[in-house]
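Only one chain comes next, encoded as structure tokens, the form predicted alone.
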């Protein structure tokens, strides 16, 4: 499978954090901490598409012209509930002017299809080309939920080049599924795992990210 428009972010800190997340012995607190470290790196990488403008400022030494993020754009962080929330705190720190727009879907365990239950994305009435959207979900498995979220923003006329999928791990099947409809969508991830199993879970994966983040694992 070709990996066009997939940005795989890999460095020692991410490798170590992924090891922590994959380990079934890691408790919820350790899992969250590792996830936040990875999500921060992914957010920094994703923000490379934001437009820059020149800005005149004065340092303690002298006047100079610097680069700054354009102030006429709208940045949206759109976590897919509930696991996608792990990106939110890091996103607010990195991009304090961003708007958080939650989208809620759960997976039907029989069909593996997403079922909508929450949508806080408002209508966009002007300048959709100035919107930059980062949809967050720790795991890109089947791709069904992410596809629905991407469609939501594309249907509001936001250019696909302004929309990014941010995932801590991804399955080849999910990547392929997304790119069948949106080949230009950039997926930013820390790992591409082997495959999906018969239940639609990523192998080797890291378990259910939502349960491990929020400490709701049934034992």
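Please read all numbers here as calculations on a predicted model, not as lab measurements. Numbering follows the first chain given and starts at 1.
Although not depicted, the form predicted in complex with a small molecule is the subject of the following passage.
> in the predicted bound form, which of the listed residues (133, 146, 91, 139) lies with a heavy atom within 4.5 Å of the small molecule?
Replying inline: Of the listed residues, the single hit is 139.
>> in the predicted bound form, is there a heavy atom of the small molecule that lies within 4.5 Å of any heavy atom of residue 202, even though the partner is absent here?
In response: Judged by the heavy-atom cut-off of 4.5 Å, residue 202 is in contact with the small molecule in the predicted bound form.
>> With the partner left out here, check for me: in the predicted bound form, does some heavy atom of residue 107 sit within 4.5 Å of the small molecule?
In response: Yes, residue 107 is a contact residue.
> Heavy atom to heavy atom, is residue 209 within 4.5 Å of the small molecule in the predicted bound form?
Replying inline: Yes, residue 209 lies within 4.5 Å of the small molecule in the predicted bound form.
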